[in-house]
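Let's start with one chain on its own, the form predicted alone, as structure tokens.
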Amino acid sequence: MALDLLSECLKNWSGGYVEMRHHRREMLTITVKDGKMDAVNCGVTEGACARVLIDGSWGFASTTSLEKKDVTKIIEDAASLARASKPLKKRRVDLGTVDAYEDSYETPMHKDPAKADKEELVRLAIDVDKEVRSFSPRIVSDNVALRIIDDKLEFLSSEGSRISQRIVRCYGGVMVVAMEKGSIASAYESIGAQCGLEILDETPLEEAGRKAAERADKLASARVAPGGVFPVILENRIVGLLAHEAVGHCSEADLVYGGSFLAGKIGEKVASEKVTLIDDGMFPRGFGTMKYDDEGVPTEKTVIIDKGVCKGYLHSRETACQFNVKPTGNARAWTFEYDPIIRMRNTYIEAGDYSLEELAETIKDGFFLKGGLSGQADFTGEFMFGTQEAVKIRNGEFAESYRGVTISGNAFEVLKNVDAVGKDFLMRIGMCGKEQVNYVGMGGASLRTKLLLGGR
């Protein structure tokens, strides 16, 4: 057992605080593109790392070897780096006191992917590809992907923590491109959760393929939506993207320390009273769910905005000490090759009680924006995202569809303009690229606001 190896290597250490991690990641990726098998990849990444704190300075080292002498050496290397970097540090690192835990956690699941028939999963991807390509003669390209990530994480600290976790994520997506008279439109749908392969029964990949094909086919002949400031309904998928990219990052304490929009705003109103924004480390099936973060701190439900008022930030042990609060369990690392940094887990805007029809009924001239795409945002709250489809709302009724448009503005201004939140809550899967990539959940319900559309 890797924990026993880490413990053996650490037992004679007495030179400062040490935390050690072992990480084994098993991966399966299946992709089918335009009727051809693109890839079937199985792989394993495994190694260990040590992070040492000496006289207020961190040192970090990692290895792919699990030989005792090599694992012991990374402790020594990390300690050497901590001592060497101390004269260059502008700020002393101190850690708040936390409890030590001996515990284990495993993703709840009904169909363990470790026992899966890989040939059956390959056939599923091939069948989805066939169905997508046969949907319409306007479909000119597609890409079907199915992935399983099985992470085994072990944590040991000189303070006495001894934690083992197994985190399993099963997910997939379908990208479809359609063309009509030289006009091209694309659509994307994804499924997935932190759970076993039962997710493929609950949210079939075939259904995601049909939705993507239907949207791409419809939009290939659709017009481009007009630009301007409009009242809009943001679909739950876009709300999740907004919650994570444009708002959540502003609450990460390292970015707060650097002057993000939320810096110094605890207790101030930053959004409509209709908006409550949460980052939850134990959201059921959330893509960013884990019982303990990579510093051995229990994850929790952290309220960032409560009915429009800024209530708190996301912390590591280091920033919690700086801000004189308790750590929130938000220190996460992509693999053993990285040290933990402050990351969101499952970030979402709480649901309200409006139906989509009720959200639309007061809009005389606006849009229902559907299907969030990638975009960009910064820690001032400024953002620009793509959308897949813009459905016209005319006198409270949903009308014709336009091609998706870009939306932009300041997220907190958009949230101040929210006057109603729907009840169609959805938690999406996501990947965040802050310094090092990591899995996250992005959630919310459709909401009504106004913002700038960049159309024709």
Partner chain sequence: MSLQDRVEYAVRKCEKLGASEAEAYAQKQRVVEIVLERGEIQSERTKIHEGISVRLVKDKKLGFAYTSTLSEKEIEKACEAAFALARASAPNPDWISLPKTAETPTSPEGIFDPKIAELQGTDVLNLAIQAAEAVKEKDKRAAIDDGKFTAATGETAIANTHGISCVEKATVFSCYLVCIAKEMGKASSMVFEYEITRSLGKLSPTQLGEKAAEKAVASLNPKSVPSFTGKVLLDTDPAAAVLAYTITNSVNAENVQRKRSLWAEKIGEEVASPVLNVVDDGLLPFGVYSSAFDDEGVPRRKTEILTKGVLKGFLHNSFTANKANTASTGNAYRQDYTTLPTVLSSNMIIQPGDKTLEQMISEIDKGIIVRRFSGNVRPESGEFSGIAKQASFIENGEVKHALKETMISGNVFEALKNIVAIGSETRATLYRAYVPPTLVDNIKIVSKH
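Fair warning: this is a prediction, and the values are worked out from it, not measured in the lab. Residue numbers count along the first chain shown, from 1.
Only in words, not in the display: the form predicted together with the partner chain, which the text now covers.
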query: Where does the partner chain sit in the predicted bound form: which of 353 to 361, 278 to 286, 316 to 324, 100 to 108, heavy atoms within 4.5 Å?
result: 316 to 324
statement: Answer key: of I429, I393, I407, I54, within 4.5 Å of the partner chain in the predicted bound form (heavy atoms) is I407
- request: Look at the candidate spot formed by S190, T203 and S221 and say whether the partner chain comes within 4.5 Å of a heavy atom in all three of them in the predicted bound form.
  value: no
task: Spell out, yes or no, whether the shortest heavy atom distance between K301 and the partner chain in the predicted bound form is within 4.5 Å.
output: no
- prompt: Does the partner chain come within 4.5 Å of any heavy atom of V229 in the predicted bound form?
  reply: yes
query: Can you check whether A420 is within 4.5 Å of the partner chain in the predicted bound form, heavy atom basis?
result: no
- prompt: Even though the partner chain is not shown here, does D38 get within 4.5 Å of it in the predicted bound form, heavy atoms only?
  reply: yes
- prompt: From first to last in sequence, which residues of 109 to 125 have any non-hydrogen atom within 4.5 angstroms of the partner chain in the predicted bound form?
  reply: K118, E119, V122
